[in-house]
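Just the one chain here, the form predicted on its own, laid out as structure tokens.
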Amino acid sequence: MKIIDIIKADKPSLSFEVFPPKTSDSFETVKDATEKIASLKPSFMSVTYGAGGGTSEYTVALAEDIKKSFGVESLAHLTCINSTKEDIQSRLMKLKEAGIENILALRGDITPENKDKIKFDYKYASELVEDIKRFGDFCIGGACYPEIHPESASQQDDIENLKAKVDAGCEFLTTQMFFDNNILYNYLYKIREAGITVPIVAGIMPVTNANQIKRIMSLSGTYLPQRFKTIVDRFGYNPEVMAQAGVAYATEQIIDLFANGINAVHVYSMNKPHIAAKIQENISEILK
């Protein structure tokens, strides 16, 4: 089933992101966690992918297991940075053979560690989208940044690049995490004014410890409302308490999004089945 059909349905959808292991030693542990999340029967699940392609085989294996063993639709991430066009064609063939119909097309992150080693067969995600579109019958999603992509000169430039990605064939967009819903609502107004009309899936991150938020800040500079910072400052170093507070904050965000007509929410689960289960339980009546 195509993800676009799920998120266009006239009812709220809740989905979860999981990530594959970096090595084979931890594959079974990660597989167990993803299967526990799949057993919750979310609307769909996405499986991430290392920018250099190092986890590609695990991405395919987990996405295939989620779909075939649990009947939960899979969305496989695919990044193109440091990949040749031949690499991408090979990975697309593997996804097709595994029965995966949905791809989240991403350029991938350029970090200080990899910037001098990158091969640029693809410079932009829009170029990857074009190749996927030519390859076959995949439903293609993309990423968007309510607080501007870190490499963009301005939000206007960022939105113009986003429009190019949609024009290339993206059927829906999933947002980077945000902790203030008003940021998303303002962003939606701007991209709709720019002619971007595809469905938006809101990405929500339940924060469960202080180190997690420090990493988020170092990578993306995401804005933290004072109310949220107060929660992290007060409870961040007590994992059990912060997990409860983080789930409560994320739940409140999700309820507000649904109430304001954002029908698709994607939770960055960090492979934590108990967090995914608690959020789903908190909104179980809304999802019916």
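Predicted, not measured: the structure shown is a model, and the values here were computed from it. Just count from 1 along the sequence shown to find any residue number.
The form predicted in complex with flavin-adenine dinucleotide (FAD) exists for this protein as well; it is not shown, and the discussion that follows is about that form.
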Decide if the three candidate residues Tyr49, Arg107 and Ser152 all line flavin-adenine dinucleotide (FAD) in the model of the complex, where lining means a heavy atom within 4.5 Å.
yes
Name the single residue among Ile213, Val166, Ala143, Ile191 that comes within 4.5 Å of flavin-adenine dinucleotide (FAD) in the model of the complex, judging by heavy atoms.
Ala143
In the model of the complex, does Glu73 have a heavy atom within 4.5 Å of flavin-adenine dinucleotide (FAD)?
no
Does any heavy atom of Glu171 come within 4.5 Å of a heavy atom of flavin-adenine dinucleotide (FAD) in the model of the complex?
no
Using the partner position in the model of the complex, report whether Asn102 sits within 4.5 Å of flavin-adenine dinucleotide (FAD), counting heavy atoms only.
no
Contact with flavin-adenine dinucleotide (FAD) in the model of the complex for Thr175, defined as at least one heavy atom pair within 4.5 Å: yes or no?
yes
Heavy atoms, 4.5 Å, flavin-adenine dinucleotide (FAD) in the model of the complex: which of 94 to 102, 131 to 139, 144 to 152, 183 to 191 makes the cut? Say which one.
144 to 152
With flavin-adenine dinucleotide (FAD) taken in the model of the complex, which residues across 64 to 89 come within 4.5 angstroms through any non-hydrogen atom?
His77, Thr79
